[in-house]
Structures are given as C-alpha cells and as structure tokens.
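In the form predicted on its own, a lone chain appears below as structure tokens.
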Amino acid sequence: MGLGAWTRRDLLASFLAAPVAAAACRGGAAVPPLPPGELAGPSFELGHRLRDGFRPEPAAEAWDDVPVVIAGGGVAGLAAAWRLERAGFERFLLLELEPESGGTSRAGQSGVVAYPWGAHYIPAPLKEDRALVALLDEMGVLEGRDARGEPIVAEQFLCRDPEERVFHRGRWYEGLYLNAGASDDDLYQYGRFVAEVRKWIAFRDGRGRRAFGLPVAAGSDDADVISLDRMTMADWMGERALTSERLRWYVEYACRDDYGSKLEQTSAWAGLFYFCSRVGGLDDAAQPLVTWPEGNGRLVAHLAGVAGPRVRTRAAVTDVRVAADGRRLEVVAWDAKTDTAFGVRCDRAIVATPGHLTRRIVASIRDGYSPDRPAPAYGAWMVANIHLSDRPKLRPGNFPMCWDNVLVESPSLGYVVATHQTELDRGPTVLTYYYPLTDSNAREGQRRLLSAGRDEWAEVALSDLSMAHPDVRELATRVDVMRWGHAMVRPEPGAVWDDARRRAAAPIGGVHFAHTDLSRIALFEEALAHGVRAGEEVLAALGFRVEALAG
C-alpha cells in the first residue's frame, strides 16, 4: 500500500517531527509494506451536508407520532434515553447519524479481544455523582458503600497493575512523572505544584462544595474558583515560576490527554480540574480507574441495550422546529440507508448533538444565531488500533508493559493495551494508539487530520511506536484507523464559566439540550450528567415525579 502524495520522510516530519523522520528513514533501508486495515470514522459527508444547510422535507405519508424524540446517540443521548426508561417512560425514539451509537466511546472487536475507539476509562465515582453511581450499580460494577458512604468498585473492574509507564530516551520508566534524571529543582517545583493542587483539593466554598467536582455541576462557582478560567494553564504556571521542563510536560500531557490541547490553549480552571476532581479526600490519592478491554464501549453498550429497538441509526436529524399548530414539535431526519426524509411529531425533543450541529438543526437557534458569539473549538484526534501477533520484546532493565504506555518525546499520547484487563499477558493483543492534533487553530488541526488517509496514519503510528518497540512493524497484522474531526470540545480560557455557555443548557420551548459542549469538558461523566438532566426535565414536563439523579 502506498502513501499517496506524501513521501515517508515528509509525512513523519509533519506529524512526528524531523528528528523522528530522520531516525526512521536513516540508511535508506527498505521498509516492509503496511499490514492491511481500514479507515473508519464519523460520517463526514452527511455531516458536511448538514453543515451546508441540507434540510429535506418529508413526504406527507412519511410522518409518525412519538411523544419524545432524542437527536443524537452519543453518551448524552443514550443517557437521556436511559433516564426515561429508568423512570418507566418507554415512548421515545432516538435518532443517530452513525451506523452505531456511542460517539467517541464506541468500541471494536477482534478475534482476540474487544478494544476502544476513543474514551477508555472513568475514575471511580464519588457519591456526589449520583447518575454514574446509579449506572454502575445497575451494571453490577459496585459492591457496596464504605463507612463514608462512598461507592466501592468491585476489584475486577479496576485497572490492573502495572498501570502506567513512560518512554524517555530509549528506556521505559514506571509512572507518568519522570523521576529518573530529575534535578533538585525539578523535584522542588514538582512538590510546589502538588502543594497548589492540595490547596484546591482542600478548598470548600460557603455551601461546602469542592472547587472541582465530577460532574462540573457538583463543583463550586465561587469567584476565586471561576477566576482561574480567565487565564491559560501556561500563564498560571508562569505566574508561579513553575518552569521545570519535565513538570510542564507532565501537566501538558494531562491537558492533551483529556482535552486535546496544549498549556497555552487550556483554561487554568480546566488544567487544575484534571488533577483535583479525581481525588476523593485530602490524602492526595486519585480515585482508582475503572476500565474494560473495550474501554467506555462497555458503558455505552449497556446504555444502548436499555434503549433497545428505539435507537434508529443512520438517521441524521436535519431540523427541529415548532409544528404549524404551534403546540407540538416536528423533527425531520434523513434516512441514509434509503436516501429519504422522514418526520416525527412529538411533544418534547432532546437535542444531544455537538454545538456546531445544534445551532444548524434547531430552528429557533438557527434563525436567531448571533455570529459574534464564538462557537466552541473542537480538538481533532486520530486513533489507530494495531493488532499484534505477539507482544513486543522488552529490553533488559525496562519497566514492563502497562495498561497505559506514554511516549515522552512524541506528539502522540502513546497507547493502551486492550488485553491488559483480561490477564492475558502473552501472545496476541491490540494496542490502541492516540494522536491528538493540538494545532492552535482547531480548523487547521481538522484539515491536517483529513489530509492523511489510512496508510499515512498507519505509517505514523507504526513509525512512532518503532522508537520504543523496534519489532512492532513485524508483529503488526492489521492497523485500523479512526479519524475524529470533532473529537472533543476544548476548554479554552473563558469558555468554561462563560454565561452564554451556561444559558445554552436551558430548554427552548419543548426542546431540551444535552452534550458535553454545555460544560466545555468532554468527559463521560459530563455527557451522562447532561443527558440525565435533560431526561429529568422532560419527565417533569410530562408530569412524572422522579428522584433526581442529575446534580
């Protein structure tokens, strides 16, 4: 398979930097052909038609009546359906553009193991996250409560040891902060950073709320807390003279991992949120991680199973409007399987799509949209699932393969090992490799993502991993690639605590909204919380009295 218009050296220099390209191409030795694989990804063509104003009109006979319609089958839409079903309300229809629901939490399956196509873990929840606690309880993941009332996750669902390692200058080391070779000043600055994090973990506002909670609604809106959103994480660190190169790498890795953005692009509030919201007490111990071979695909499979046949895929919502009678709503969608439009008249609609689609499909927003209100910026990601016939050889003295394996000198995030949770520590496996495009201009990142096809991205992934695993190319039997053009909303400075962002969650007539865009934090917990909240708003409007799970 070829690399299209790219030369291998130019490709690697563009995506992995010149030194990697030089090392990978040194000597001019013949490079083995790429293993087979496929290019997966969201339905860009149909999505772009929606962006360009595609709004077909259904035939008179192509209309149906359903009390509640949910537009969008990502985590937020599935969560809304789950909340309705949990309350005993079953008369809803969920419409999803893609062939399967789940959004960036969907998963794949090989003959060896299931594997993630995106989000791959959640921290064990604290009791304040009632929706997630209820979901995990329903799934049989919890085995009770401790003396403080905190949920206890059954051991088989917690990430196995060893959990994480970093590759630096030819060697693997345990953990994410690179202690090996750290100077006294590096360690001093790391200690000062930890002290700052402890301060925010200990913070409680006048209502007893933590500074940073999961979901975001459980945290504080105290002025001292939200003022952090007015600066970048880079500026926050600069003000405190936290200049250590390895500390800045460590903090920037966190921002790239959760947000797909660099220190200069990330709100200081969001940067600290990463470190503070995952800690349950004052002992600095982060909540253990809950994961499966397929990552958060296990969670969306459960949610989709609850919704069952009421999920209709390859159905792209193009319009949500008030009906001519002024009382009901009309939801128009395009069936990509038959290339025909259909419509549903309903009493309530939950729009669980990203903001860039919401403002195009909801008539009341589309017709009154103000161009001076900036749209969210979205980080673009490439994810490659690399199927191996065996594990890469471990160099003497190196820390062994972990669940999470991070490459310090790479713009990628490294990879997770799908078989780690299965206790299959030898033989075939699947490595899920993550590459966020952190361009300062988000649109440029999306353009660069799409400029490379399956072969180009497979070459990038294998060349990058070859720096740590020289035998990875000969072990690779298949490389499949997913391109996420709008993988996650970026929490840029001023975006998280923007009044317009918070107002965007309020219903408009019978239309309710649910998506991580409404928090500017693209985490499973946020999507779940917004979906549950929207579901409870609809239940209340329909006269149901339920105990609230939304914070």
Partner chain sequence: MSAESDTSSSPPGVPADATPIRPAIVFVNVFLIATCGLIYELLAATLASYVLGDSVTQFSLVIGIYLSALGVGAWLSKFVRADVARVFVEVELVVALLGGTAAPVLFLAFARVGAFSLLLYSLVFAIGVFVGLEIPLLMRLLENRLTFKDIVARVLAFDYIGSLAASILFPIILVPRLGLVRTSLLFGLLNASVGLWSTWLLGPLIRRGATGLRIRAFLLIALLAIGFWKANALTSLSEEGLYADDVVYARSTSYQRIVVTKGKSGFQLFLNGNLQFASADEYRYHEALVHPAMLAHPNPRHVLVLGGGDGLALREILKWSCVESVTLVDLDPGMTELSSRFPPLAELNGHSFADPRVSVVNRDAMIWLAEVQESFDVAIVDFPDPNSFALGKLYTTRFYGLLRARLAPGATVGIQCTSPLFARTSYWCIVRTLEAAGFIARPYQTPVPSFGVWGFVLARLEPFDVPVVAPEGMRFLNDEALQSMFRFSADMKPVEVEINRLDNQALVRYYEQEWKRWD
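Keep in mind that what you see is a predicted model, and the values were worked out from it rather than measured. Positions refer to the first chain, counted from 1.
The same protein also has a form predicted together with its partner chain, omitted here; what follows describes it.
Only one segment in the set 295-303, 235-243, 201-209, 425-433 has any non-hydrogen atom within 4.5 angstroms of its partner chain in the predicted bound form, and it is 425-433. Think of it this way: in the predicted bound form, its partner chain has a heavy atom of just one of Y121, Y188, F399, Y177 within 4.5 Å, and the residue is F399. This chain appears without its partner; in the predicted bound form, the one residue of R310, R192, R160, K262 with a heavy atom within 4.5 Å of its partner chain is R160.
Contact check for E155: a heavy atom falls within 4.5 Å of its partner chain in the predicted bound form.
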